[in-house]
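A lone chain, given as structure tokens: the form predicted on its own.
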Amino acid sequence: MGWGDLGVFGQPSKETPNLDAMAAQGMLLPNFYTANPLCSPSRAALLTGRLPVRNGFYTTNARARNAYTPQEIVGGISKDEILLPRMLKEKGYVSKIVGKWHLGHRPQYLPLENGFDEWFGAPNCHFGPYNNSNRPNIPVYNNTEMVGRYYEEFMIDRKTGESNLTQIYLMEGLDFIERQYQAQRPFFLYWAPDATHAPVYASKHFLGKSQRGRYGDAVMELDYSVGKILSWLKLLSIDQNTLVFFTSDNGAALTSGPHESGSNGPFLCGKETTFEGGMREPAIAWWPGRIKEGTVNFQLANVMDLYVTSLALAGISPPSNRTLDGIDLTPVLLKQLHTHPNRPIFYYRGDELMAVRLGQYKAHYWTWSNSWQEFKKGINFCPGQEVPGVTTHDQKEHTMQPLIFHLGQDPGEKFPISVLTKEYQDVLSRISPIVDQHKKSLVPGVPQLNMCDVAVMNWAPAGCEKLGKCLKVPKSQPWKCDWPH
């Protein structure tokens, strides 16, 4: 989902009444970022509180490439990482993930091996349908065993866009909340639906309802679902004891357009890029009685802060034997403070630091949208938004003289500040030491997204025997994954 997909951020069709109400009853964070412009690394960052370059969710196969966890990926989340649900166990929290996991699908990488107590969802994206001979359909798990596959037991109609998946995910979430309420246990629910990811889908009730086409239908159903979750917390009278945070894993994918892509509002480009449209996310915090309603806080924040903030609220000390990239947002959320004025935001693509934001300014050390080769194939991450010298199709180095933009005046990153101005020199003198310090202290994790192999695909996941859905595993033929972007 993109920043510009919410009515509260100005989406003209105003089709997100529940999320807009959530913002009116809570806090809107317009300067909130993900840790990567792609799904898997940003999810790894959310659950570890660490940049993907630290937690291993990147590739070194080629320079500045986005990598994720398709079916053929050999790696997954490293056993050295301590995920949020494992930390929350210290205080008796029960944790569930509903929806897309995306941190590796081989048995040792799955959610229940990483601190989650329950899981209903899938390890990969809902691409397909596949013929199950050279590529299997993606399994859907209930805890440790598959209960079917996408396009088989869990139908997605590619022609009409109809699927009940979001409704199934909603029911799973509501059921989990009620069970923990009845048992009087503290809980963490990571509700990760994927309906707005191409191929987009919605259930019958929402299909054809949006002015924005099928993508809009999916957004309307997600909005409805968030509304249901908030109402459920109120109905059980636990809303005043529950922090709810809404955000997205990366900006809207503009390559899927126009029918399956969203809006990144005033920002440049989208998913896959380190321009604002790829990494600035919608973000709403809701906690009746604790977060003052109708507030807006311009604190620079990111998805890794949710790790540190959750631990602070649960009264748990963060792990001291590793570098965390998140900060505790409790003073921001509960006291409306702007506590970290000099907090930088780092924009990575693979293991390359592409850009840094400090205050209103953003400095690009490298620019790249995608290669000429891919662009000529019709893959365009910035359709209708090309900015000469900025949205480059060669990996363009600016390390000696970064491109600097004032995001308050120029959210679309169209007008670089002249290097001859005092303003440019002042900004550079403030950002340079932060970049130097960051690079000096950075210890990259072992890259997990380098190797691929057809034998590791979802041929015979646990539970397939009971369903008669095991497929023959082909001979192992590992290769170095190709990451074109």
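Residue numbers run from 1 along the displayed sequence. Just so we're clear, the structure is a prediction, and the values are computed from it rather than from any experiment.
This protein has a second form, the form predicted together with a further copy of the same chain, left out of what is shown; the following refers to that one.
Stretch 204-212 is the contacting one of 219-227, 204-212, 142-150, 171-179, since its residues have non-hydrogen atoms within 4.5 Å of a further copy of the same chain in the model of the complex. For the options Leu84, Leu254, Leu329, Ile97, the residue carrying a heavy atom within 4.5 angstroms of a further copy of the same chain in the model of the complex is Leu254.
In summary, among the residues Lys234, Arg158, His406, Arg322, the only one with a non-hydrogen atom within 4.5 Å of a further copy of the same chain in the model of the complex is His406. When contacts are judged by a 4.5 Å heavy atom cut-off, Gly389 does not count as touching a further copy of the same chain in the model of the complex. Using a 4.5 Å cutoff between non-hydrogen atoms, Glu90 does not count as a contact of a further copy of the same chain in the model of the complex. Contact annotation for Cys481: none of its heavy atoms lies within 4.5 Å of a further copy of the same chain in the model of the complex. Though the partner is left out of this view, Gly468 does not reach within 4.5 Å of a further copy of the same chain in the model of the complex, counting heavy atoms only.
Of the residues in 19-44, those that come within 4.5 Å of a further copy of the same chain in the model of the complex through at least one heavy atom are, in sequence order, Leu28, Pro30.
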